[in-house]
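Coming up is one lone chain in structure tokens, specifically the form predicted on its own.
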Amino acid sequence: MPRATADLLTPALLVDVDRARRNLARMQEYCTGHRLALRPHVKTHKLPLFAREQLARGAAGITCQKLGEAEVMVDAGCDDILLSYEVVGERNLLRLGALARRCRLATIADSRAVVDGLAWAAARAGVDLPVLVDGDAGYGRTGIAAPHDAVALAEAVASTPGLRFAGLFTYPTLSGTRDWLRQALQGLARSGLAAPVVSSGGTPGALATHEVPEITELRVGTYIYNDRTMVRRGAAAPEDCALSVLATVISAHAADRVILDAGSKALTSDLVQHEAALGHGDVLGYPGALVGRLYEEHAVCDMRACAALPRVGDRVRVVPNHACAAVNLYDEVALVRGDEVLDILPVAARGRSR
């Protein structure tokens, strides 16, 4: 195994373990201090190592976005999982039932069609399945927008054999979340239903979660690594970014730019706040450098604002815009301390998008 980053082939994904662990400790301390259950989202790191460490630090369980991620984590010994995705289709429902027989599994629903499928899966597997009702408090993705409709679905869950109404689910913690939750909780109370869990998530607003006292559980993923988006949004400082892509300068003909061997297949083409002018990453050690155009295997770095340019063969580290998407591009990750490589791990849940 390479013992120094200089020995790694590029592009390579690096995780500064000391920064990552500081980030883990900070979020767990926040949740413990505010009596929030922390249920970290593993879709960011995709590593059983860090999932187990999050649990050891006090997390109530983990969150997985897809069945494939959950299957990897159950195989690794994680036994309390929230599947934060609407499961549809017979084959997927059979997988869900099989998982529910192997661990404490809960999932979400935002329609009667999803509820009916979950009931079928629970009956086939011979399990009781906890279900949280997915509410849309303004994000406009999945979820029920009207609180009274969410209450009606909760009543349907509670009256369906094999299912247990387990609470409410929202994403992210927006300004409208509190009003939505209050109305939904009041409606549940009138129906004689309690919401044991009120789960919300999103790293950008995570440290303000206590301002919405109705929330009992926090789901966050990006916080372990952070990224350029989190820094731009004020949710992290540059020194909190634990993830970087090690890249090599392969061309430097112009006085105002260099080309790296890390394109869209290494950095992702995700933008910060949908603004192309902000580029695709920060080049550490070169303030003002802009990772502008991305091709599959090339990154064109605008260096006009830099006092000096790297030369062909030099290596740089780039903090990507979106940690979760960047991780999913790599088969393995190098755990590092400075320039020392401590370990190289397979990204076990990489590509588990179904």
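From 1 onward, residues are counted along the sequence shown. Source: prediction; values computed, not measured.
Note that the form predicted in complex with a small molecule isn't included here; everything after this is about it.
The stretch among 148-156, 220-228, 268-276, 243-251 whose residues place heavy atoms within 4.5 Å of the small molecule in the model of the complex is 220-228. Proximity of K46 to the small molecule in the model of the complex: non-hydrogen atoms within 4.5 Å are absent; the residue sits far from the partner. The closest non-hydrogen atom of G167 lies beyond 4.5 Å of the small molecule in the model of the complex. Using a 4.5 angstroms threshold between heavy atoms, S84 counts as touching the small molecule in the model of the complex. The shortest heavy atom separation between T107 and the small molecule in the model of the complex exceeds 4.5 Å. With the partner omitted here, the residue from G143, P204, G187, G162 that has a non-hydrogen atom within 4.5 angstroms of the small molecule in the model of the complex is P204.
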